[in-house]
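Shown next as structure tokens: one chain only, the form predicted alone.
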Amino acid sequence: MASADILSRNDIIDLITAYAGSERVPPKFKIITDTSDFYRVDYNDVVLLADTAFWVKRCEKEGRFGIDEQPKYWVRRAIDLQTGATKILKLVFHEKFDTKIGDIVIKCFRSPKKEARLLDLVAGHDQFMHGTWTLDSAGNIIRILDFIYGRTFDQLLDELGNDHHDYFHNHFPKLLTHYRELVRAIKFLHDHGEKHGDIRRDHIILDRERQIYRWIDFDYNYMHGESMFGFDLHGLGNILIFLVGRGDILTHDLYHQQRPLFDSLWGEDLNISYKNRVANLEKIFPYIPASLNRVLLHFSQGAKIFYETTDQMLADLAIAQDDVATVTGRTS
């Protein structure tokens, strides 16, 4: 447990001075050991966890689907004043929401305990974020994450290729190899009876220093029925559709810009989770191999069979990658 007498205020001032210089020591700052009210944690405050002082800087932000980036006040970038390393502090925030896959409602919720458990599990696995966890003075589970310098999967895609044909033939084969590695990483969780819980393209970061793609943010859990891993698998499918299409292929854009293609679509061609996105991408890009398109159709409104395990998906992806290599002349 953290307590204010482990490090005095003068000790902390000395640590800040050693790290940043005396001129950077804030004239006022709080020393926080109980993070239950994460809104109290402000810029330049110091969070004491066990015997470690974390000098709080910015809150992290999140933006999806064109929405302006939203501040996540329970996720703070901070400096470990003992080592000088940049860390991410994830404070306890309980959140619940419902989402849908087709007509099925999935109940999701944040679980700091689950994320702490997974941090222990993936400590030796390169393709996940790493970190530790501890309790604050009120018993809240605080996750202390190593900061990953890099960009997310979706940010990288825009830079690849002059158009879709160029992208698919010259860049996609290598990305598909990376994607299969990421699916195998999720298989690692599933093989241990665990779920990621929030599989999204912005939860994959290309680690700039290590040049490897890594999964982040696994504090979401969900209530599952017969298919324990179904929600994770649909997340993987949505990423693959995005990857194959070099972005989301939206019905609105097709209607206004490529009307003949729009008129060729049926309801069954659309994404089962997002009805404004095309899943049957072979109709848009006819050079996509049929074996790859069949994988995408598992995540369409017309799907009759769904993947139940990552093994099933990986088996189909192996066939698809061979066919992609034949079409593009590139093996990776």
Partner chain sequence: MSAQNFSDIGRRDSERHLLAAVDESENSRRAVLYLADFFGDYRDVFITLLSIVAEPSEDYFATEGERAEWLSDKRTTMDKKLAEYREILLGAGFTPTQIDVRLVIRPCTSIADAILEEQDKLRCCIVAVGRRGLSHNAEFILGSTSSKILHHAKHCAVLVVE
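Numbering follows the first chain given and starts at 1. Every value quoted in this text rests on a predicted model; they were computed, and no experiment measured them.
Beyond the structure shown, there is the form predicted together with the partner chain, which is absent from this document and is the topic of what follows.
Residues placing heavy atoms within 4.5 Å of the partner chain in the model of the complex fall in a single listed stretch, namely 105 to 113, out of 128 to 136, 159 to 167, 105 to 113, 79 to 87. Site annotation in the model of the complex: the residue of Gly197, Gly245, Gly150, Gly230 reaching within 4.5 Å of the partner chain with a heavy atom is Gly230. For the options Thr33, Asn276, Ser36, Gln301, the one in contact with the partner chain in the model of the complex, meaning a heavy atom within 4.5 Å, is Gln301. In the model of the complex, Val46 stays away from the partner chain, with no heavy atom inside 4.5 Å. Contact annotation: Leu281 falls outside 4.5 Å of the partner chain in the model of the complex, judged by heavy atom distances.
Mapping the unseen interface onto this chain, Leu145 falls outside it, with no heavy atom inside 4.5 Å of the partner chain in the model of the complex.
The partner chain in the model of the complex is approached by Ile101, whose closest heavy atom lies within 4.5 angstroms of it.
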